[in-house]
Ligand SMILES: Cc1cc2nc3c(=O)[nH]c(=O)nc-3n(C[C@H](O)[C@H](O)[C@H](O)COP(=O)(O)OP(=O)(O)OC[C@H]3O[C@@H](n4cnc5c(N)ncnc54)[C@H](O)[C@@H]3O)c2cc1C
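Let's start with one chain on its own, the form predicted on its own, as structure tokens.
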């Protein structure tokens, strides 16, 4: 079958040989065979029916943060949920339902405006709800996992909508069992509070992030996971590696666990810098650093 000829009839937004650097916060990445945006549940069902029939590989993309796409790009179809998957619904008993495409900072601020808290620390996480669930995104002040009541998915076998309850998923540090799931929405349980107090906490988290992280450069957020009882940024700084470069990639001088695309860096530049830092930290501290950012593509 000529899947490229059929695809435009299934998804409203289709781009072929699309550079992934246009869709990642690192501004790095080779071309995807196809990039599509899905705006409605009917389109989602049609798309996943199509890729199952055609036996096509696909990759679910959120905001493009926490992601390094290799220079050869991605084979198959990159899928992003937008439209009705970017909506937030406020339910009774301080529950909130957010689509997989909702950005976390948007979710936190809209909840705060309604006197709903418990998720304030997530305001500094530059990702979408779907991606946040897969990796149990968060900061040292809190993660999304404990707030989750249920998750809406497309069942891989029946291609029907299904809700996962607490017994069906589990979260740990920067990990969940949702990696292979097609997440459509999440229902969160939040806490009632004073709108003024909640917004004050949100602004404090935002201020702290601006002071400590290079939010105006091209990066993926934290490059490595923190080992138990240690902070990667502190180890990298103690090893004198702030500002270290390989090609166009650089260890941030503002936050040592952030790697920056300073001068049209390639994925190869970033991965070489990662290996250099890992080797020096292993030599100095005897610690093997594990990547937090996800590396995909060819």
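Computed from a predicted model, the values in this text were never measured in an experiment. Residue numbers count along the first chain shown, from 1.
Omitted from view is the form predicted in complex with the named molecule, to which the following refers.
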*asked:* Suppose contact means a heavy atom within 4.5 Å; in the predicted bound form, does that hold for all of 98, 146 and 190 with the named molecule?
replied: no
*asked:* At 4.5 Å between heavy atoms, only one of the stretches 88 to 96, 190 to 198, 109 to 117, 130 to 138 reaches the named molecule in the predicted bound form; which one is it?
replied: 130 to 138
*asked:* Give me the residue from 125, 74, 202, 186 that has a heavy atom within 4.5 Å of the named molecule in the predicted bound form.
replied: 125
*Which of these residues, 160, 179, 165, 211, gets a heavy atom within 4.5 Å of the named molecule in the predicted bound form?*
179
*Spell out, yes or no, whether the shortest heavy atom distance between residue 81 and the named molecule in the predicted bound form is within 4.5 Å.*
yes
*Does at least one non-hydrogen atom of residue 39 fall within 4.5 angstroms of the named molecule in the predicted bound form?*
no
*asked:* Residue-level question: is residue 294 within 4.5 Å of the named molecule in the predicted bound form, judged on heavy atoms?
replied: yes
*Heavy atoms within 4.5 Å of the named molecule in the predicted bound form: does residue 63 have any?*
yes
*Residues in 14 to 32 close to the named molecule in the predicted bound form, defined by a heavy atom within 4.5 Å, in order*: 25
